[in-house]
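This document starts with one chain, in the form predicted on its own, laid out as structure tokens.
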Amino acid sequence: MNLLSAPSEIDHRATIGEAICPYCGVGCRLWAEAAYGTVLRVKGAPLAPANRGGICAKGATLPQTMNPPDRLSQPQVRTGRRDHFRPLKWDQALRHVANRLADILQRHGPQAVAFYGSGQLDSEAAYLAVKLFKGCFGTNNTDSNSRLCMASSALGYLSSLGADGPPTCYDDVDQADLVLVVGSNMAEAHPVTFDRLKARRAAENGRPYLAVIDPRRTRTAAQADLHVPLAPGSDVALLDLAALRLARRGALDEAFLRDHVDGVDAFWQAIGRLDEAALVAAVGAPAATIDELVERIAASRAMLSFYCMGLGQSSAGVAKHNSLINLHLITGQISKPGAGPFSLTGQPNAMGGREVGLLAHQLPGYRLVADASHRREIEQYWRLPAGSISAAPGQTAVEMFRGLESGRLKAIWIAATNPAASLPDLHQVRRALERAELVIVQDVFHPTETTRLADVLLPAANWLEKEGTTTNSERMVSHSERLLSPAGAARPDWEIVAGVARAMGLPGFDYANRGAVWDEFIGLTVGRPCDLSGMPADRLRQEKQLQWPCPAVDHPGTKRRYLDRVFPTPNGRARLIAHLPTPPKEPADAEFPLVLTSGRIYAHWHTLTRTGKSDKLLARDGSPYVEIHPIDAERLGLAAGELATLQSRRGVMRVPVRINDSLRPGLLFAPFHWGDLWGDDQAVNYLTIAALDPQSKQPELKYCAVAVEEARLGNGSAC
């Protein structure tokens, strides 16, 4: 049901403004013109620091995604999952949600409810969800789909350098003489940043040198000076091997290690026991290629490393991040322009969600729920009784859905994400949502794979229909303007969360506007590593963007961190943390002899809830597929275009074959964007495994064992 209200005054006139693109974590600022309830034009804002006028195909086609037929514009509820939804007014919907949550809290206690959000939520909405659940309900069961992409990166920064958040900035692209890309297909997943790198290389005769570490020869690797085609899951082996060979070459920064790094002796003792020949065999790349990589690192004056899901989506994700940061520490390639470890976030506000404490182990201002002093600081700021905030970390993304299936969790509030397509082991996710007593979904569109399993639907404002604040990959905090009125009765996410809290009779949620929420939150960052206290709403609205730390209203913001070589650890020193190589949780075997990895492609983003509305993007990539090396295709008797059946220990996928010799033999690739709305047996996450990194709880979405054969019809004949 799409009940659109009459356009307001803001829609009757042409309005021009700027907002951050709602796709990846590059943080492109886009210039837009809107009138009469629609977006007329979108282009890259020419003076924006993140994109400098650049825009990708997804951003350029945003006008096609604003008000499609499946726009959710009215609160809806149903009594049973087999019933049809019926519309409600907002006051009815808020009372209904408030009463249902209060009843479950009264019967089962605070650990029976959870909030699962995303990096699509602006910081204001995520902050209020944290305040409601962790402060008022007394449960730390809030998490984000950032758990699927950035949890290991965040913990890698914290454990190695003392605090989350990259020390680098996009301007380092212009200063580096070596760019190392690890587990990231930047050309497709973060194309505007990669375009900046390409432009410099074109203008400066191939500088900086580009090395790409990836099992696939991706579009990024194809443009590199050096491609290291390591075996899937062998990242720690390669990084340990590089450290050993750098030491042998005398390429260490001994003064930096002596003066600024702890754990040096223990590190060399741990990895010094490793056999280099065994490491080379485990990596599986040509020995000369590995030697060339080491030589390039040794000769570099400024090494910048970009990395993404290829490192994080692993049961050894934290180990991989620590091991890459180790290379920067042992060579002194940090704390100076053009150098440092630079994680590429997957969503526009994945960083902001961590700043406000949305992940299950966090509290606002990069605090931790396990720290008693941190809990007391938040309780005092929110004027809560001592002990209101639980000392136990909450359930993380995958754990929440295990909890729903087991009955430990009774209710989940899902906002701005589509876990019924994006989480691993989707059969388990469906069982979990079907078992839940209450599923609330807050979204812009309906149906999605997740809204189809909901009890309550809450309509959220779309891009350009709300003001908001987000933080991109380089710690740039940006304000987005509102140019349109929300469709129908849709509301900004922060207003929905605050409305439920007020309907429950909870104090502290009577905000005059979005700016009041933001200004309250930044008070919790004073003196913290992510200090945003110098960015009140009025200043951000005027200046548009500032980088943290920014501790005062006259502070210009901070491009690079740790230039003084003082790290936010108790003694001011970074830490070397040794890890030994470990195999993935589900190696290939005789029954499932191939390895499947998944990833993003240029035309699409996450689960197609937005890019799937664009005819232009669907014309470019309109259906799922699996890529197979020619050797494997010949052995299996598969030809290009044929339908293949992929089977893992958890599920089945049936998609057309593409033959691609850029893969290693034995490795398959499939994009993860398509879910059940696009057809049966097309979602790669029916196959993926929910094995978790023991520290970060990030799932191993990049590696599972599968078997492949030609797809067959119901009568047993081949397709």
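The shown structure was predicted, so the numbers you read here are calculated from the model rather than taken from an experiment. Position 1 is the first residue in the sequence shown; the rest follow in order.
If you look for the form predicted in complex with a small molecule, you will not find it shown, but the lines that follow are about it.
- Of the candidate stretches 594 to 602, 636 to 644, 248 to 256, 527 to 535, only 594 to 602 contains residues with a heavy atom within 4.5 Å of the small molecule in the predicted bound form.
- Taken together, Ser323, Gly515 and Leu540 are entirely out of contact with the small molecule in the predicted bound form: none brings a heavy atom within 4.5 Å.
- Gly233 is the sole member of Gly340, Gly233, Pro549, Gly612 with a non-hydrogen atom lying within 4.5 angstroms of the small molecule in the predicted bound form.
- Scanning Glu295, Glu405, Glu481, Glu188 against the small molecule in the predicted bound form with a 4.5 Å heavy atom cut-off leaves one residue, Glu188.
- Among residues of the shown chain, Thr417 is one whose heavy atoms approach the small molecule to within 4.5 Å in the predicted bound form.
- Of the heavy atoms in Val708, none are within 4.5 Å of the small molecule in the predicted bound form.
- The small molecule is not drawn, but in the predicted bound form it has a heavy atom within 4.5 Å of Leu701.
- In the predicted bound form, at least one heavy atom of His606 sits within 4.5 Å of a heavy atom of the small molecule.
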